[in-house]
Every structure is written in structure tokens, then in C-alpha cells.
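Take a look at this one chain, the form predicted alone, written out in C-alpha cells.
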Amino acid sequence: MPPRNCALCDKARAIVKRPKTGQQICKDCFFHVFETEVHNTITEAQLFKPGDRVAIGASGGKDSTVLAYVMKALNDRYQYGLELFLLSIDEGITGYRDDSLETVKRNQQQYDMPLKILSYDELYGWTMDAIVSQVGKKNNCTFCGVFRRQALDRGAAMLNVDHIVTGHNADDIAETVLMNIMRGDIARLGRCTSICTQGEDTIKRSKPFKYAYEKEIVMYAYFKKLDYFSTECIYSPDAYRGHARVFLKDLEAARPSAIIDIIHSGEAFEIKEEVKATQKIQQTCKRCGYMSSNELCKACSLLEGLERGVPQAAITDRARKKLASEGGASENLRTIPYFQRPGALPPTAIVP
């Protein structure tokens, strides 16, 4: 069978079959449609304005590496007028994060962007290696997720940026929709498909790859010969998200549009007023000043549990209240967030 010409330009030989549409296109047309779709996502959602300082959450993996490359390309091509930074979080995972950060450092040179690296050890006095040694691998992703989200905000405040962009793709968002449905977490369905989230007077956080398939991101990185780190986190094989991912891949194999269909379904969910009424009022953590729906933010609750030797307890609100009733927070310096330690920078620009 003779080779097909590109379905878009009808000139070059088609070498890519888009998982998203099934179109057989040439490499140059693939680059063009991928970048144009991301540009359309950005402009339709009005994510940025000229002069914005934007931090790209950089892990060294395929998603964040492609995001950094595409953001730089689109910023130059369409004159967004953005000042771009790389922001990396070092969770303290030996043999994984230390290697991936070397990739990020190379990306800094390749893309000519300032880089800020912030560690869990610096912020919380704990590394993920130390946490896993105490809690095991069953619930470690809970700790990492909570700490990472807050660490990104802290790093963004240090960089004095207006916006954080992350490499979450369509597959990630569809997985989150499925997870929230399977857990019966209806309240989260109203916001898990939002392309941009922002609390009052807080830094925006958005997902320019909201509609980009993971397979196409991998193809883009491969054909562009981008430098990225491909090893999965050594502590995540048993994560609940992994089960949703396997289910989603089975759905995608039967129906390629399933990923986008699930995202659109999540967008269509409306939360009843009585459900909204049960959601907690946003306040600030009494220990660290970070935004929280309780007296202590989740990170401080988890840190208390770690220091008291009952790390699993702080995972639930009921146990958190029990911890609080037993005598309040430990004054061990190790549990005091970096911004409360002597000589530390204040947590500016992140709390209401």
C-alpha cells in the first residue's frame, strides 16, 4: 500500500495518526495543530494578560517539559508579553526527583528561563523518603499531593508571579473526574474540570493542556527531540489514581473520544445548592497563614501527625480534631514551616 499524503496539507507524507481525531498527518502539520489547539485553549479562556509573570511547574517529565517549550514558543509567536519562569519542587525522593531535577536544570539552559527549586525539606523539615519510611506506601501520595500544592504556591510567592501553569493534560483531568465519581466526591466535580482556579487575592493556577491528549504530548516530545525524564515516581505504583488510569485506557482503546467526553461530562455537572451550602468557608491556617477550610491547613495537620508518630491519623478530619484536643501543635522546629523560622521570608502574595 503506497504511503498516504498528509490529510491537512496533502503534500508531505503522513507519519502521525492523531489519537485524538484519527487524522493521518505529516510531522510539521502535527506541530502546527498541536500548538494551535493549545493557543486556542489559552486565548478562549483568557488565561493571561500582557505583563503577567508566569511560573511553569517543572518536574522534568514529558508534560512539564513540553509545556515549557510550547509556552515559550507561543509567547514569542503570538506576543503574549509574558515573563516566564521554571518552578520545581524537590520532594526528596532519592533516585527519582534528584535525577529529574538534572533534566530541569538542562531545560533552564535550553529555554533560557530563570529556575527556582524549592524542597520539602526546606519547607517542612521532611523529605518524601523520610515520610514513606514512617507511613509506608499506602497513603504517601496524600502527603505528597498536599505538600506539593502548597509548595508551588510558596515558590510562586518567592518569585512574585501572577500565575502558575501546570502540565496537567486531558488524561489527567478525565482520571480526576472518574476518581471523584467513584469516591462520591460530588463537591469536587464542580471544580476539577476548571481550566483556571483562583482564590480571593491568591495566585492563579491553570492548565493550558486541558484538552491535549497524553499520547500527543509524548509524540510532540519525541518528534521535537525534547530533553525530558521518563521514569515514574517510585512511590506511586499503588496510588488510587493508577486504577482510574487503567480504566480510562481501556475506555480510550474502545472509544478514543472517551477522554474528551468525560471532561465535557464533568464540565456539565451542576452542584445543587444544598451541596454547596455544606462546603466549608475559606479561612487561614492559624499556624502558617496558608488558606484553609479549617483552623489548621491540611499540610500542618499532616505534619502534626508525623511528629507525633501517628501519621495516618492526620489524614482524616476526625483524627485531626482528636490531635488538636490532645494538646495542640508540637513546637519542634522541624514542624514549623520555613516561613515561621527565624530569618525566613514571609508567605507574601498567597493568603487572602
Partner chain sequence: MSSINVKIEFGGGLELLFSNQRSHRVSIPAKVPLSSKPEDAEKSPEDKPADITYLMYWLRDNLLKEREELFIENGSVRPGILVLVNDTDWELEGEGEYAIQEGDEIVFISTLHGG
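Nothing here was measured: the structure is a model prediction, and the numbers come from that model. Numbering follows the first chain given and starts at 1.
Just so you know, the form predicted together with its partner chain exists too; it's not on screen, but the next bit is about it.
Handout entry: Proximity to its partner chain in the predicted complex, single hit among Tyr124, Phe85, Tyr228, Tyr80 (heavy atom within 4.5 Å)
Key = Selected option: Tyr228.
Problem - Which of 63 to 71, 297 to 305, 283 to 291, 46 to 54 lines the interface with its partner chain in the predicted complex (heavy atom within 4.5 Å) - result: In the other structure, the partner sits against 63 to 71.
Practice task
Please check if Asp112 has a heavy atom lying within 4.5 Å of any heavy atom of its partner chain in the predicted complex.
Solution key: Outside the cut-off, so no.
Problem - its partner chain contact in the predicted complex: Val218, any heavy atom under 4.5 Å - result: Within the cut-off, so yes.
Practice task
Mark Asp250 yes when one of its heavy atoms lies within 4.5 Å of a heavy atom of its partner chain in the predicted complex, and no otherwise.
Solution key: Because a heavy atom of Asp250 falls inside 4.5 Å of its partner chain in the predicted complex, the answer is yes.
Practice task
Would you check, heavy atoms only and a 4.5 Å threshold, whether Glu214 touches its partner chain in the predicted complex?
Solution key: Yes - in the predicted complex, heavy atoms of Glu214 and its partner chain come within 4.5 Å of each other.
Practice task
Could you run down 4 to 25 and flag each residue that has a heavy atom within 4.5 Å of its partner chain in the predicted complex?
Solution key: Contacting residues: Arg13, Ala14, Ile15, Val16, Lys17, Gln24.
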